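The data below hold one chain only, encoded as structure tokens and taken in the form predicted on its own.
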Amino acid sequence: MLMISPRMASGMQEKQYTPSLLSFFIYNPTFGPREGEEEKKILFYHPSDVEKNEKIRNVGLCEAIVQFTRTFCPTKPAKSLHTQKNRQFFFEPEDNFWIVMVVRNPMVEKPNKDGKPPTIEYQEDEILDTVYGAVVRQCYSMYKLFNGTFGRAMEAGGVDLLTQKLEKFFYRYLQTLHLQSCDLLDVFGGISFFPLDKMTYLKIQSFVNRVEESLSLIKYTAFLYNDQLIWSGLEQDDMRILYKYLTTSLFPRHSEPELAGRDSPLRPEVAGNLLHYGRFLTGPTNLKDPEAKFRFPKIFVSAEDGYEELHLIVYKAMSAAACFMISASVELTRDFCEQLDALVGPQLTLLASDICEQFTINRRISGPEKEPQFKFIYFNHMNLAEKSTIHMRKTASVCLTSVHPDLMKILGDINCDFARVDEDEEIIVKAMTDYWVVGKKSDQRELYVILNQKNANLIEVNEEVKRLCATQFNNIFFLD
């Protein structure tokens, strides 16, 4: 991505280039141990039009780096390699299977006088290992969600089947990677929870129980409203990656407003007639279509004996979405989908209306929102809860933050410091732009605050953060 910043009255322009993906490959060193067989190691390589010898050379270099670093610490091989022009990230998700991502460092192209070629300055320190290391791990987790492990593909059809699956998945997935938008939220990989009062929460729990009892094929259910999670029957790590897929890929593809009123409370006569706004986001787009196909995406989630394969049914009414997971061994028919539509559609429509009403009342009680003097990111490692007032919008293709990238970089640096030690701690930084940045780590929770108070001193900043904790996190214990 290119950004141009005007410099000087002479009209000369400085070009800034954000980080970009140079290459992404997966290899297994045990597949081509002998000379002349090196190409067999390569299971996937992007971009595919790279000349064969260059692929072999790049994979061989990574293999050598990993082996060399193992001599210093056999249990912890290299995770990244820093060079002037790029950064390489290594990840071994399964024994002997290596994923490598090469990212070009951000750079500034400065024009020269007298027709000389421009000077290029690489900004090596702008890329954070923690952020892009997390992106590589996400790539594997997303592959595993839809395909199972690499080992599973090897057992089912050997190297040929694995390379087919990798090609099919990563060819599309890598196009959705927007590395310039990656930040601290990618490190956390958290889940945004929707705040609800007890009565509405009990209505949702009752709805889930009724549906699971009526349609006994359903094994797991997840309930979301406004892209935020309310209820999940899945394990945390499975829900974490499914949530990422839903909120950054599936929901944005179906984001057109279903109603002009957008979740306005329903008229009683509409509810009485059992009209509803429910529809399938996966599977059949129109149940009345005689040609409709009843195929749903399959996902893999962890089970007691390893993993289980499930059909993923995502059903939405207004801003409420319910995900139903059913064993992949069951064939889903038109009858089942019609039954689900008739049962879930009206109830989900009413629930969406109830939640919207409750949310509107709560906002009215809390009064008009003033522009706060602070912005924050909060993350809880125990339940993966995440909350950010810094991010206005975060999808796979766009990340709109309300603060300068330099401040996001400071947040990432503080997070790196927190990761190095187990103890609770607090870090306060004054940025060059006179903003104050505070990081607080306490009892598996992390809070990052950006304060726009240029004339404040350290004591005042500390008091302001305490006030924030008291108002926004009054039921959460932060050590002082």
Partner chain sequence: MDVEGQRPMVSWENSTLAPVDRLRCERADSPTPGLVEGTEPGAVHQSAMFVHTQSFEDLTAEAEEAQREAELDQTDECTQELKALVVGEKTIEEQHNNSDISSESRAKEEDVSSEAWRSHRKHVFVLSEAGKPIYTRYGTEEALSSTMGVMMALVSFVEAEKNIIRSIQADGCKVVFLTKSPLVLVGVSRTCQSDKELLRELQYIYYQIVSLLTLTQLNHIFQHKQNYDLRRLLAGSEYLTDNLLLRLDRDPGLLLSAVTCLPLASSARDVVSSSLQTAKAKNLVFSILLAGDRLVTLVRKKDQYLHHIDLHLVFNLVGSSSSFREGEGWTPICLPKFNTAGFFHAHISYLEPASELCLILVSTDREDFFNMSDCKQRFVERLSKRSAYQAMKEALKCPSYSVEQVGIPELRHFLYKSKSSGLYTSPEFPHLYQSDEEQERLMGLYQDLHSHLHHPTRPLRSFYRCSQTENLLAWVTSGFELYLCFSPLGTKALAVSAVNKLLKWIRKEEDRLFILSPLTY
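All values reported here derive from a predicted model rather than from experimental measurement. Positions refer to the first chain, counted from 1.
A second form of this protein, the form predicted in complex with the partner chain, is not displayed here; the remarks below concern that form.
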_Residues Lys15, Ser23 and Leu185 are flagged as a possible site; in the predicted bound form, is every one of them within 4.5 Å of the partner chain by some non-hydrogen atom?_
no
*Among 351-359, 162-170, 69-77, 308-316, which stretch sits within 4.5 Å of the partner chain in the predicted bound form, heavy atoms only?*
69-77
*Could you confirm whether Arg57 comes within 4.5 Å of the partner chain in the predicted bound form, counting heavy atoms only?*
yes
*Would you please decide whether Lys85 lies within 4.5 angstroms of the partner chain in the predicted bound form, comparing each non-hydrogen atom pair?*
yes
*asked:* So, Arg420 and the partner chain: in the predicted bound form, are they within 4.5 Å at any heavy atom pair?
replied: yes
_If we define contact as a non-hydrogen atom of the residue within 4.5 angstroms of the partner, is Asp125 a contact of the partner chain in the predicted bound form?_
yes
*Which one, Asp227, Glu109, Glu94, Asp129, lies within 4.5 Å of the partner chain in the predicted bound form by heavy atoms?*
Asp129
*in the predicted bound form, which of the listed residues (His178, Lys298, Lys387, Lys409) lies with a heavy atom within 4.5 Å of the partner chain?*
Lys409
*So which bits of 327-341 sit within 4.5 Å of the partner chain in the predicted bound form, heavy atoms only?*
none
